[in-house]
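Let's start with one chain on its own, the form predicted alone, as structure tokens.
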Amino acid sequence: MEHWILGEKAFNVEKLRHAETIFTIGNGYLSTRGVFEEGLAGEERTTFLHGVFDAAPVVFTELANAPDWLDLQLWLNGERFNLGEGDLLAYERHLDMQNALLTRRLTWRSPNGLTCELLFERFASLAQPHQLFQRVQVKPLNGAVTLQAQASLSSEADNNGLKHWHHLKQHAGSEQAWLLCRTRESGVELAAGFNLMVEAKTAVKIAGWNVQGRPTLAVDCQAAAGETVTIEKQAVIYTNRDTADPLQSMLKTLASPARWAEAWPAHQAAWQAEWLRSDVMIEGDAEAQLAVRFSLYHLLIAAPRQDDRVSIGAKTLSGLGYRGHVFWDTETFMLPFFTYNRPEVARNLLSYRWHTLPGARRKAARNGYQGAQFAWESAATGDEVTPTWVPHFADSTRLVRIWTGDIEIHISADVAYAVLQYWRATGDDVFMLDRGAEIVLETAAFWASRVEWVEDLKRYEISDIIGPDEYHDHVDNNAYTNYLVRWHLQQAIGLVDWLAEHAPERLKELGQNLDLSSAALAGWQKAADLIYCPFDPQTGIIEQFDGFFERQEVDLAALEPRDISVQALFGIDETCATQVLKQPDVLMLLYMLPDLLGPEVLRANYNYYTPRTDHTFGSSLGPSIQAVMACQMGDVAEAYDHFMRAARADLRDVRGNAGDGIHGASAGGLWQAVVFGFAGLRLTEAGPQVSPRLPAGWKRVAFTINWRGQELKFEVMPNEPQA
């Protein structure tokens, strides 16, 4: 069990939201934050299901908080169990990431002096994703107890006060309760129900309370000192995204109640299979080992295994941050882990982009362009859902204009990059023919119409955009964007040639909705040949965007110590006028296209942009990739510093915002830092190879990748590659 357990030894209400995030459980269908069964003031009590969006002010749409399946209230001799009252004599909570079991064990003394041991356990079945299990054991220590328990569901679940559910019908019987509700605007129907099973040495009474909007089962029983009462709850959830009749599907499952002992072995076996393919072993660094497994755990519980119409949002399903919206975080940072470990999940995630092509086409058309332009923030339909205005981070009475939905356009190339990376790694020609080619070509058509011809300079440019470095907006010729556009167009032309040779009928089908004529392709080639890609051959430095070199330099070291970002310290406009980076675009570009310009250019740009980057409080996406690039420079100690910055982002809440949900991109980037950075994995035409650069103290790294249908196991030691 070494380095699989995430635990806390004391209850700290000041870290409530952070703990809720890191103790999230899930199974790829839904996730539930690590809240307490009995509830607590100030909690963020959410269960999110993939794809269940509903309209919301300002943010357009958000994942709708589902009815709470955890609710369980206990009364002991008439006193309600509540961590806010009485005395907590002992407490521990831990998440066993090896099998996704969350456990809380405590000893509580009531205000009237009754002392009880309580054990709470829960898991979301990975083997049966619509089934959720909860178990509570109550043991009085210093006297007999009359135990009353109330378990319920509620259609009144809300998102920070916004209620998404319209109550339709419900039932509460002697051992079963359920409800049916529908999102108010998107029309998603959800059926949730549960069974209760109670073990006690005395008679047990269970009664149904059909409270409107909150069907409840109430338990009454007795226990002498030293006796244990066990309450098991099996909850079941279906929506009309899963089945035509979610109520009947839910009732059918409830009709054959599953006990914990029956469901647990299959759940354990499913997780064992996951970790056999996905685990990364790090010998010699306990903190790094725990952090990597923590990151992979959160990716795995968010991974849609049965649904190819959904993706993983930037905050996974673990919190209200970004409202469940999907960014480039998925394709660029999270997807590589799935591509090389769980290609079937990667295929689902990329299929989400194919299903949402109509929304991307609508965005391109609204902006006056051809093809498909992917939304910066995407939800159910693929239409743009980035908020236009949000409250200022330092003054909620002021509004800040958010431009990313308008002009952060590199995401269309990022998605195409992910499709082609997946194809290269898997050789999945079926996906490429059915879905991938359409994504790559539609987005290439967008770029061909988006580039701007500058007659005086006889070149194409792209003006008024935002690159990955969001400290700088309304810039021209962002290097990351321009270089990727050139690459994207070149790859699209090559893909057309491949289709012409291997699937001419499919190419003909694609040409019915997209201009793939010789003249159009000649235009793509011209754009690729003549787009401006900044580069100074004398210094080897790529200017991040036009005029970047003229912006104000800042000595970041002189600003220390600080616990806020440079943007929060200086202000939005003031930071934009400097050379301080939220994340280094150029290094990200050289990471994604490693053969672009050679190692000397990489070193020059690494040396230039690294000291200008707000590493700790800028973007959570940056440190993991910075670690890879530092490894390539041979600066392993510096790489380790960046790696640990990413590793601690959520575990230690170093940015102070982990309560909003897991940083999914940081989690995916951490895997990349180990595999592509410290292990030095390179994907060559001859196959994957490793060239390790392990940090001091690391004795061994072991991992598995899936390469074109074969599982390859790697074990690397300091400067001793083995495959």
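Start at 1 with the first residue shown and count on from there. Just so we're clear, the structure is a prediction, and the values are computed from it rather than from any experiment.
We do not show the form predicted in complex with beta-D-glucopyranose, though everything after this point is about it.
In the model of the complex, none of the heavy atoms of Glu331 sits within 4.5 Å of a heavy atom of beta-D-glucopyranose.
Contact check for Arg293: every heavy atom lies farther than 4.5 Å from beta-D-glucopyranose in the model of the complex.
Using a 4.5 angstroms threshold between heavy atoms, Phe327 counts as touching beta-D-glucopyranose in the model of the complex. Of the heavy atoms in Lys582, some are within 4.5 Å of beta-D-glucopyranose in the model of the complex. Contact check for Tyr352, Asp434 and Leu510: none of the three has a heavy atom within 4.5 Å of beta-D-glucopyranose in the model of the complex. Heavy atoms within 4.5 Å of beta-D-glucopyranose in the model of the complex are found in exactly one of 413-421, 218-226, 616-624, 142-150, that being 616-624. Of the residues given (Tyr460, Phe338, Phe81, Tyr322), Tyr322 alone sits with a heavy atom within 4.5 Å of beta-D-glucopyranose in the model of the complex. For the options Trp271, Phe545, Tyr297, Trp376, the residue carrying a heavy atom within 4.5 angstroms of beta-D-glucopyranose in the model of the complex is Trp376. If you take 222-251 and check each residue for a heavy atom within 4.5 Å of beta-D-glucopyranose in the model of the complex, you get nothing at all.
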